[in-house]
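Coming up is one lone chain in structure tokens, specifically the form predicted alone.
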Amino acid sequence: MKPQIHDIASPINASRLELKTAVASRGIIETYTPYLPVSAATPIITLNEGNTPLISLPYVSALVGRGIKVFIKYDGLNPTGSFKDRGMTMAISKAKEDGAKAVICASTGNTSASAAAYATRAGLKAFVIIPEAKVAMGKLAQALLYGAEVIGIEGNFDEALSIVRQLGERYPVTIVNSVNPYRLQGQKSAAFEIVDAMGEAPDYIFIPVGNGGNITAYWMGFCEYREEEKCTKLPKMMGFQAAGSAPLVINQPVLNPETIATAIRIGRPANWQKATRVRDASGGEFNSVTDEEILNAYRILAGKEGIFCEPASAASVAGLIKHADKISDDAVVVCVLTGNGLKDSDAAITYSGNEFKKGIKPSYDAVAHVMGF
């Protein structure tokens, strides 16, 4: 006899479902209120960001060997597809609290998408300034659909940020780039989540570095949790930049940064000094990876681990593969993946190394032949 619907949805199961839904719906401000500069007067603008998965990488762990255990923090599963949402919920909430009517950012893509989404959620106008020839179409599409006023300049991100800073000083618009301190306050929540999931801080964090804000925020989070005795150690922070856009590695600005990893195509990081202090305080390093090394890691993550990230995110795993000799035996490593692969589908199609077999006649024999049968 088949069970009836009411038998399946028992009162006990229903109560469990309600509890799980309540927990899952909390954004980072509600989850980590004691650690954030918010008060009862702060309107919480959230899309239920955070709570992104920590995923083990068995193939990469075996590849680097020596008992090293590798995980990823997959922040590409945030509401707009990148880690920027962690900081944007804070920046937009505080802007709303301060009575702002409009926000502005410079962006290589992810910030523009996040700013536009959270601004529209808050009822604020969003202006985004982008280097028009250097932004992945998926990110541009997001900003446009969320309703931002998108302004493309014939220049790079660094020039866009310079313009945004000037506009922020002269007009009533709130800057929501990572120069806004509330952005980093929100982004530090990723470090909290890693410790909450592991019960301890990892030995190393491998992280892509563009503007230098995220590596700064992670370190802030780990330090705060250690002060609260929620972890007993601090990780070494290993930052990676694309070889054609590596100002922190060569210790000088790059006037014309170039890389297929558009999200970290930044030649003059806004958080340069903060990121450098994190490297030194943690005993970590800054290193570069080539575009080919990034693409190799990008394909490994998708083809061997089933994880689709945007190219810039893969810089962290590329850095681990390239510099595994710097890691101690049996270490626990977390590689940060900052953005979803769907942000840049053109890159996936171009660099997958896989063939799209098309133009096949719609017949059983034709398809079976192509399949090798």
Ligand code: AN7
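Since this is a predicted model, take the numbers as computed values, not measurements. Numbers follow the displayed sequence, beginning with 1.
Keep in mind that the form predicted in complex with the named molecule is not shown, yet the notes after this line are about it.
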Among 145-153, 207-215, 282-290, 230-238, the stretch whose residues bring a heavy atom within 4.5 Å of the named molecule in the model of the complex is 207-215
Self-check item: Close approach of G87 to the named molecule in the model of the complex, 4.5 Å, heavy atom
Solution: no
How about V278 - does it come within 4.5 Å of the named molecule in the model of the complex, if we only consider non-hydrogen atoms? no
G186 versus the named molecule, in the model of the complex: is there a non-hydrogen atom within 4.5 Å?
no
Exercise for the section: Examine T338 and determine whether its closest non-hydrogen atom to the named molecule in the model of the complex is within 4.5 angstroms. Expected result: yes
Query raised in the report: For the spot marked by N78, T80 and D344, is every residue within 4.5 Å of the named molecule in the model of the complex through some heavy atom?
Result: no
With the partner omitted here, the residue among T108, T259, S93, T174 that in the model of the complex has a heavy atom within 4.5 Å of the named molecule is T108
Residues in 297-332 that come within 4.5 Å of the named molecule in the model of the complex by at least one heavy atom, in order, are E310, A312, S313
